[in-house]
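Let's start with one chain on its own, the form predicted alone, as structure tokens.
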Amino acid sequence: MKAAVLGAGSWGTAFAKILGDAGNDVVLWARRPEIAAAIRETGCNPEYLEGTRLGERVTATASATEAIKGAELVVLAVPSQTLRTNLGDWAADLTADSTLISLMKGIELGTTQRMSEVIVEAGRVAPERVAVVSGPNLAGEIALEQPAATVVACTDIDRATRVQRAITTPYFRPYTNDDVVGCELGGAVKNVIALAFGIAHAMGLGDNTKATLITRGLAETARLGVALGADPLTFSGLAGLGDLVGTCMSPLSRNRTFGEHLGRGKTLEQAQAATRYTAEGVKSCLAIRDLARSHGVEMPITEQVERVCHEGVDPKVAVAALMSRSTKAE
């Protein structure tokens, strides 16, 4: 297949490599012309995953129109809060019946829509044309071709299977699922829980605390998912528990690392300056909180992460608030 990957960050770059290694012809769109030129000339992205050879089937451009032209697979790998604006500009270039693949793990501010819902609206496409890729997919490890698995979720299972075949390599094993809602929520909420995990780690809290955050974080993710019609079993799989564990435990995780800065007492602005990248959970925690409230779902960890990030609450106060909640049956 011909594939376009729109977004040359870490995950977009690694996914372009996966597609190329699986035998597809790939055009990677980079916002900055100098990055696109460097990829064409050297076969590597000098900004992200430096030194990783992307392969002969991967080229790059700074023109989204050029990248999308004739593409059967259009992979969206831009920051979640920029998706609507970008895709609105790109929609006219989409090939009829092309499959749009979302790599993004966030909830849109204001609308509280999942990324697939934004794609349907902004891209003016049918829901069955949208597939979601989610799982424990740390880009740095995949770039080194360390074994990893993921989930391709689409309401059209035949389309999910075609995507599965297009991204299967000796080091990357995709599974299919028709639970788009569950896979997207698992990917979005785990970023918020990873912020909490990073805060706890920087505070010197131990493994009991961390295990509690992972399991109770999974519980509140599943509560929200069930309220929105997701299959509860999704949250015990790669797109739920798998992604959550990977993002919380790995020092490669942007959200965990961002949380560590907050746990050391830095402000949101100071943490942003120190990391210089997008930690999706920072913005998504606001949208996830609003989504949960609108459906009457309790998400106490998400609520406290939002307070630390956006209300300047001391992490110690947030921990105390979590521990002083009324006890309930698990």
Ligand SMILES: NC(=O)C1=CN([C@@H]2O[C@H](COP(=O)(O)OP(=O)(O)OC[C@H]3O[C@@H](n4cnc5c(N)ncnc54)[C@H](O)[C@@H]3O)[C@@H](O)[C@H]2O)C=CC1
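So that there is no doubt, residue numbering starts at 1 and follows the sequence shown. This is a predicted model, so every value here is computed, not measured.
There is another form of the same protein, the form predicted in complex with the named molecule; it is not shown, and what comes next is about it.
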| property | result |
| --- | --- |
| Touches the named molecule in the predicted bound form: residue 191 (any heavy atom, 4.5 Å) | yes |
| Heavy atom of residue 114 within 4.5 Å of the named molecule in the predicted bound form | no |
| Residue contact check: residue 218 to the named molecule in the predicted bound form, 4.5 Å heavy atom | no |
| Exercise: residue 129 in contact with the named molecule in the predicted bound form, heavy atom 4.5 Å | no |
| Options 259 to 267, 52 to 60, 301 to 309, 276 to 284; stretch whose heavy atom lies within 4.5 Å of the named molecule in the predicted bound form | 276 to 284 |
| Heavy atom within 4.5 Å of the named molecule in the predicted bound form - residue from 95, 86, 176, 212 | 86 |
| 118, 152, 73, 103 - the one with a heavy atom within 4.5 Å of the named molecule in the predicted bound form | 103 |
| Contact set, 4 to 39 vs the named molecule in the predicted bound form - heavy atom within 4.5 angstroms | 8, 9, 10, 11, 12, 29, 31 |
